[in-house]
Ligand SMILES: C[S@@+](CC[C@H](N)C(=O)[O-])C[C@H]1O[C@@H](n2cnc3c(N)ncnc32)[C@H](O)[C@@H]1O
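To begin, one chain is listed below as structure tokens, in the form predicted on its own.
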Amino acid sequence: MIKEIDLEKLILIAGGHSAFQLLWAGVQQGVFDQLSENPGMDRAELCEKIGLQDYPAQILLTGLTALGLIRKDGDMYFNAPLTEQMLVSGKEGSGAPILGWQAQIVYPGLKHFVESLRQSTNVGLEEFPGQGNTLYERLTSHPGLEQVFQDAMCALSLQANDHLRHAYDFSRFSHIADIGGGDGTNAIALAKHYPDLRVTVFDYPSVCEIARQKVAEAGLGDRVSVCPGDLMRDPFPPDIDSVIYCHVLPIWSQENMLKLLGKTHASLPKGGSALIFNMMGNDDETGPLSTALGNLYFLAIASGQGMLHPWKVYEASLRQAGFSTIERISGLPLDHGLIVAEK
């Protein structure tokens, strides 16, 4: 049941930009890292560690305390438990890199959200000059931002892929194509967990170069390969028995998603499977909050046509593309879900 809004929540929504800037400053200035290493510091000690004078540090620490990101006991500061778990840099499962994507890509683009609503297209893309009608095409002209984006997607994948590899038995596959596979984080995780599985990352050439390097560093070049291409225009890798989309299909409209799933069906042998893994919208379109907030990015910046679709939209599209047996695996953390469809 959705809780009705109260004054405190309204204040937080209205001042959401300020709340985010406090959060981002806490990451950038190393507040959470320092309190992880040295819990119980007072403000003077924190000022020295994070390189701020007392006045701006007071503004920052008061804000972080009011938001519940840190707590104050007398004169001493400590990370909140969830902050310690998810916002300390370099810690397994840290979401700090995702905030870089929010700060440098999402925030600039969402200035144009209202106009994107009115024009029904991604007006926020004008913040990222270049060729193409999607953010992903434009990022190839902005290597620094492309790395920020890939770091964020890597962090998201690291948070989610442990649930992915345990949610389903991938040992029944021999060669899976990770379409829009990014820097290879998911492919590497699957290959490590399933020693007989081959994985091919299919993505833009510049992204494949990042993936190639990560695969080499992981020592998995014999089982994880890359295949540069445009997922809408170029053929998928050959000799595959499964295709997985991790955080990719929300980029597209239902019409274009159907084209991709039709292409997927044609690329697979009989008995082959298509898998869809991402945050899932409720079938009754009431949330959850994470997908409702995430949808703005797809309209105003990413493509001007996608969203974190409800479960039923993916399932209907898979049936329309020709898949028969469809299994829904729900209840995964971070509002994620997995759909498995067989040809």
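In this text the structure is predicted, and so the values were computed from the model without any measurement. Numbers follow the displayed sequence, beginning with 1.
Note that the form predicted together with the named molecule isn't included here; everything after this is about it.
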- Can residue 231 be called a contact residue for the named molecule in the predicted bound form at 4.5 Å between heavy atoms? yes
- May I ask you to check whether residue 268 falls inside a 4.5 Å heavy atom distance of the named molecule in the predicted bound form? no
- Contact flag, residue 204 vs the named molecule in the predicted bound form, heavy atom cut 4.5 Å: yes
- Message: Please determine whether residue 214 contacts the named molecule in the predicted bound form, using a 4.5 Å cut-off between heavy atoms.
- Response: no
- Task: Note which of 197, 96, 210, 251 lies within 4.5 Å of the named molecule in the predicted bound form, where distance is taken over heavy atoms; exactly one does.
- Result: 251
- Heavy atom within 4.5 Å of the named molecule in the predicted bound form, from candidates 273, 79, 122, 157, belongs to 157
- Task: Counting only non-hydrogen atoms, choose the one of 106-114, 182-190, 167-175, 83-91 that falls within 4.5 Å of the named molecule in the predicted bound form.
- Result: 182-190
